[in-house]
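Take a look at this single chain, the form predicted on its own, given in structure tokens.
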């Protein structure tokens, strides 16, 4: 029985890609003109009523078009929010269907590019969707499977994302450690490779920490105080003050929670805080963010600032909040980034060390560390991995496409 036509899909928190093997090499589909990756983002347009994805979704947000923007949908897998129905563009819909529509569009574009129908999928998945909750991890894979089936695939199999990345490495005899930091998770695989390219996975481990968590921490520490986080709020029923409730600011700094803050109750809560604030200017900014739906604009500004701070030749890294208020910005030095992300970097280093421990391998035995994912290229991560594995060479050449390449190479035999 011939193997089914299988598409390798890297469904990521921030970006997605898809591909197949051609003549023994990975071939990634051009999902958008000139691009083999597309943002994992959707925009529900009000007129005409339709769902846009990728760069088109982001452009709609930037242009200020009427509608609802969503990103980091993968982070909802395994949570009750995923199956809750909400009204969007006049229809009741849950996030299973939203993700399914995104995957269905990837399938359609891949079929148009290759002139073949893909009935099956090989999907990447993090080692752990949720760091320490086995029940939620199992539910997350069930959720993702349901998304693929709803997208029109007959069946789907899963491969750990760092394992896929290991399969795409250039053959190099010795011990290698994959450090894959995606948008929502950090995954590690220790592997032994032969000159022939034969690869043996010795251990894998994962954490629910990723690039969007870096953004969140930078936003909470350096942006949310400008909107009133930590400000004193007068007690409406007596003397004294209390700090502004942290939850509204924490949610505003979290990609996947931003759309929920535009509901009437959140806006009313912000207005109440502003009316009793000892620093009314700051809380007035919070009101503006919710009323004008600027949450994602701020999140993109934080992400851009993070990227600038990792560029040694950038003259003045900053979080530019001009969309909220003219001239409002936060200088973002390398030291500020290091301090803000210290806890997350420590946890990632501990995750890498745990992977070595699971395999019974000392850190000084690792021959190379392979960095995968955009956030793995941050200076703070590279330095910490060099400290952990002092004898290892650092490989960063294929960071952005290694997972997708490995899935493309493995797709043809996934259902053997």
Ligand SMILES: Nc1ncnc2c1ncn2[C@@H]1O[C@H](COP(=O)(O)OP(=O)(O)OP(=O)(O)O)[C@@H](O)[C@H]1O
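Positions refer to the first chain, counted from 1. Remember, it's a predicted structure, so these values are computed and weren't measured experimentally.
We do not show the form predicted together with the ligand, though everything after this point is about it.
- Using a 4.5 angstroms limit between non-hydrogen atoms, residue 374 touches the ligand in the model of the complex.
- In the model of the complex, none of the heavy atoms of residue 219 sits within 4.5 Å of a heavy atom of the ligand.
- Mapping the unseen interface onto this chain, residue 19 falls outside it, with no heavy atom inside 4.5 Å of the ligand in the model of the complex.
- Put simply, residue 176 is far from the ligand in the model of the complex: not one heavy atom of it is within 4.5 Å.
- Here the chain stands alone, but in the model of the complex its contact with the ligand, taken as any heavy atom within 4.5 Å, falls in 299 to 307 among 84 to 92, 299 to 307, 244 to 252, 269 to 277.
- The contact residue chosen from 378, 359, 60, 31 relative to the ligand in the model of the complex is 378, the criterion being a non-hydrogen atom within 4.5 angstroms.
- Residue 74 is the only member of 73 to 99 with a non-hydrogen atom no more than 4.5 angstroms from the ligand in the model of the complex.
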